[in-house]
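Below you will find one chain, with nothing else, as structure tokens; this is the form predicted alone, and questions on how it binds or moves follow later.
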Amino acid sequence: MLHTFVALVEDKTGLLSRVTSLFRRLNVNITSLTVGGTETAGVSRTTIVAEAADDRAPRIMASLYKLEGVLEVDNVGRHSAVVRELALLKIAASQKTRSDLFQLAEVFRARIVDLAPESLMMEITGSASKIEGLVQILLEGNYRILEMARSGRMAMRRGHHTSRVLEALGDTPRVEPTMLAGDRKHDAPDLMAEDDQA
């Protein structure tokens, strides 16, 4: 089963390496990993898609909490969320096939972001199934995909407001992520003991 974990982490050298090493120690395969900035300076948002049994998710979350520099962890896959991927596809194109590719891009709500004499590049955003659907249509239509780059999954809970959003709405005082992380780290069960001994 695929799980989507979102972790807010401090921008520190080597933290991403420690996160991936943790999954290696737990013998859990990472199928997608994206990292980017957040609304808070010095904090990055890491989205990890991992394949593991359903009952292993709490252990993975608790182990992530134990890593120094991890501020907050959420298993987004268990809640209603918006999930998106970005893909860039460079496709071989001639004068005869170019118009068909433009029509195909319109059907999938993709954008043509680059044109060259012998190719074009499409940008498509959406679910993994939408991107895979476009790729399948291209292959079945005997179009040649010269190059493909995919961002990996990004996810955000629907209607789950962060403290910054609530503060802007005037509903709650500002709470620093480190305070949240500190409270939750004490509550997380100590499931890293056997990993530390490995």
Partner chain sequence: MAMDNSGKTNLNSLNSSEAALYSQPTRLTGAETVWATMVGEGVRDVFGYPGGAILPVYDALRKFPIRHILVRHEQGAAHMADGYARASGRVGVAVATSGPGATNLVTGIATAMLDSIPMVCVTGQVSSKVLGTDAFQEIDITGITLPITKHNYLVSRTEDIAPALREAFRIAKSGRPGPVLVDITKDAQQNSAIFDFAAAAPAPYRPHPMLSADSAAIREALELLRTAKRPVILAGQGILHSRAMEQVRALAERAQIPVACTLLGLTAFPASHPLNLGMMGMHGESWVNHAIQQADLLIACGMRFDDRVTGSLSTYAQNAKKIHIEIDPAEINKNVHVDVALVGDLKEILETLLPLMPKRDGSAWLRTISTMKGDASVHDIQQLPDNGHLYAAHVINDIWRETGGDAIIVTDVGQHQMWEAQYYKHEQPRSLVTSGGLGTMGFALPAAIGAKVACPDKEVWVVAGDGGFQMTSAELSTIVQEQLKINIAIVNNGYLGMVRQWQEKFYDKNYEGTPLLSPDFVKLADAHGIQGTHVRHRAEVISAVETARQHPGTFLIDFHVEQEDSVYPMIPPGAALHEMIRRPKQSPLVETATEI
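Numbering follows the first chain given and starts at 1. Being a predicted model, the structure only gives us computed values, none of them experimental.
The same protein also has a form predicted together with its partner chain, omitted here; what follows describes it.
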> Should Gly141 be counted as a contact of its partner chain in the predicted bound form, where contact means heavy atoms within 4.5 Å?
Replying inline: no
> Gly36: heavy atom within 4.5 Å of its partner chain in the predicted bound form?
Replying inline: no
> Within a 4.5 Å heavy atom cut-off, is Ala110 in contact with its partner chain in the predicted bound form?
Replying inline: no
>> Can you tell me if Arg45 lies within 4.5 angstroms of its partner chain in the predicted bound form, counting non-hydrogen atoms only?
In response: no
>> The chain here is shown without its partner chain. Which stretch in 28-36, 131-139, 144-152, 57-65 comes within 4.5 angstroms of it in the predicted bound form, by heavy atom distance?
In response: 57-65
> Considering Leu101, Val76, Leu71, Leu89, which brings a non-hydrogen atom within 4.5 Å of its partner chain in the predicted bound form?
Replying inline: Leu71
> Which residues from 18-33 come close to its partner chain in the predicted bound form, meaning a heavy atom within 4.5 Å?
Replying inline: Arg18, Ser21, Arg24, Arg25
